[in-house]
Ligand SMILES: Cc1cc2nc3c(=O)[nH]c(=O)nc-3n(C[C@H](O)[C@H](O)[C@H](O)COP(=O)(O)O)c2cc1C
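The form predicted on its own is given below as one chain in structure tokens.
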């Protein structure tokens, strides 16, 4: 096992390496969450797609049966009422609550010191709002990322240092990161860790159909596309016949009443759970260009840590003091 990577984020979260698995709607269940946490990162259970509060309680129990390491539960805001599920997470003393989309402020107040709060944002202004609301740390996602993005097209390389300058709480970098070099680059930009989604979908433990995982391995960055721009909810997906038709409808001026049923969670499940990619949409970032195989999640974490340490040694050899 590689030496720990000590940052404010890793210390705050109680983890060996500052590597956080993304929320991954319908993909991140107990098996993936536990595998990431047991390997020294922070795994998360996705509430999106779970069948109610007791289903979440069961997933939490499965994680705790597999590992005593810290983990989190991810809640998307603004689409459904998360009150009942959040109460389960707090009752079960989940160490970390992650909030994505929507306004996190009222939920942070409800959590109020009962868990660490991670807020997924895009850019310095949202980061400052999350910090003012009481977030313990933020993850900022750049244009390269998979799933839901910010409204701008700002890349991770530019966004991360701007967010770091804007807030005093720890910042995680997200978007376009899939290996130890990406982790090392994020740390060099001032981030104190990374949040990754696409790389963990292409893992053995992810609840994703084999065809979805194989598509990630076979895809290149240009094989991804952004949907839902006209709804002001942009998200990056694998380019398929379905997403091309969806974007054509958007370009032709289709309104929410026509588009919303086409992007429902049930449609996403057709691709995630059944592998019928041509009839659905599935999330993926440009990091697909860095993914060469499906691996156990624990090996992904361990390999990233090894690569980051090796990369640092290489940089040290290059950056010799003058004089």
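Not measured: the values here are computed from a predicted model. Residue numbers count along the first chain shown, from 1.
This next part talks about the form predicted together with this ligand, which is not shown.
In the predicted complex, do 23, 76 and 176 all put a heavy atom within 4.5 Å of this ligand?
Affirmative, all three are within 4.5 Å.
Since exactly one of 193, 197, 72, 104 fits, which has a heavy atom within 4.5 Å of this ligand in the predicted complex?
Answer to the contact question: 197.
Under a 4.5 angstroms heavy atom criterion, identify the one residue in 48, 277, 295, 263 near this ligand in the predicted complex.
Exactly one listed residue reaches within 4.5 Å, namely 48.
Which is the contacting stretch out of 109-117, 179-187, 226-234, 146-154, given heavy atoms within 4.5 Å of this ligand in the predicted complex?
Only one stretch passes the 4.5 Å heavy-atom test: 146-154.
Though only this chain appears here, would residue 171 touch this ligand in the predicted complex if you measure heavy atom gaps against 4.5 Å?
Taking the distances in the predicted complex, the answer for residue 171 is no, it never comes within 4.5 Å of this ligand.
With heavy atoms only and a cut-off of 4.5 Å, decide whether residue 56 touches this ligand in the predicted complex.
Outside the cut-off, so no.
Would residue 34 count as a contact of this ligand in the predicted complex, using a 4.5 angstroms cut-off between non-hydrogen atoms?
Contact with this ligand, no.
Verify the contact flag for residue 247: yes if a non-hydrogen atom of it lies within 4.5 Å of a non-hydrogen atom of this ligand in the predicted complex, no if not.
Flag for residue 247 set to no.
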